[in-house]
Ligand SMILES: NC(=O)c1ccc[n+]([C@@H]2O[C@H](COP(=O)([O-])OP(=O)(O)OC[C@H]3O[C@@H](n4cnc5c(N)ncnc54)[C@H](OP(=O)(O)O)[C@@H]3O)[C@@H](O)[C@H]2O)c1
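The chain below stands alone and is given in structure tokens; this is the form predicted on its own.
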Amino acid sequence: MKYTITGATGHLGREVVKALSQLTEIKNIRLAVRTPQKAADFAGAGYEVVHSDYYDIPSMVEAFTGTDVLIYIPSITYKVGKRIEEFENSLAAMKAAGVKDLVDVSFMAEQANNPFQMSGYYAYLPARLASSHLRYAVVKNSLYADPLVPYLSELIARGNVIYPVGDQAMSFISRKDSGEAIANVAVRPYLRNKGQSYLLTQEQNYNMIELSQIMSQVTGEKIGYQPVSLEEFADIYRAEGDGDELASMYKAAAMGLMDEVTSDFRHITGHAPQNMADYLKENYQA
């Protein structure tokens, strides 16, 4: 079996590669990346690395040819139209390359009333795949726990979590756990050949009081909860390039649209995901 992973040099992509390497031989794994130089460490370890550009269909056809299962990790663009164009190009390349099996990586914000800027893409995916004649599964991530670790120093300085979500809870998963689940879906046909849809979450969600208490315990610093407005949040992080996008996501959370919890991770892997307290303890360094 040949498994091809798009976006393999990104944060999640690297976790998928690591996890997949525990389930199949390295010679069976192909990394389809826009910039092969960024995968030099993988190439040096014996992985097959090929050039693939979402806007260059011939490059994807060449990269996908001979693939049994494609693991599609999308780009990080925050433009719905561009993300859809990339996926449509990928579907065209899959058809030309004769690829029949797909594990598609998505996100939980697919509700019709979700105000997150990218929700249009996530809502489009399941309907588009249903008409694709592919054997596929959609693996949706909840919020990543990973960014909370570097964020802790800022929260300690502020003394508060500032997410504008009111009393609503949010669900999380680590990229490492997500990568493990995605890899398991890829190598087990019964998990991916009937249009299954999975949502990866920890075994509980957290409101911001609960989250701030865990952060306080892990860091030994007092962190409370003092939400700012959506507008303030967007202004604070706009200089980093994603203030408005993040604010739209937390608006969805404030509507109770980001709090679903499932047992899908345990169903896929046979064990529980790492909980938030253990994840932060393992990764936080003062």
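Since we're looking at a predicted model, the values are computed, not measured. One-based numbering along the sequence shown.
One more form of this protein exists, namely the form predicted in complex with the ligand; it is left out here, but the text below deals with it.
Contact with the ligand in the predicted bound form, judged by any heavy atom within 4.5 Å, is made by just one of Gln168, Ser75, Asn193, Ser197: Ser75. Residue in contact with the ligand in the predicted bound form (any heavy atom within 4.5 Å), chosen from Asp53, Asp259, Glu232, Glu48: Asp53. Contact with the ligand in the predicted bound form, defined as a heavy atom within 4.5 Å, is made by none of Thr65, Thr67 and Pro189. The ligand is not shown here, and in the predicted bound form it never comes within 4.5 Å of any heavy atom of Lys176. Of the heavy atoms in Met276, none are within 4.5 Å of the ligand in the predicted bound form. Mapping the unseen interface onto this chain, His11 counts among the residues with a heavy atom inside 4.5 Å of the ligand in the predicted bound form.
For Leu143, a non-hydrogen atom is located within 4.5 Å of the ligand in the predicted bound form, even though that partner is not displayed.
Heavy atoms within 4.5 Å of the ligand in the predicted bound form are found in exactly one of 35-43, 22-30, 232-240, 215-223, that being 35-43. In the predicted bound form, Phe107, Tyr122 are the residues of 102-131 with at least one heavy atom within 4.5 Å of the ligand, listed from first to last.
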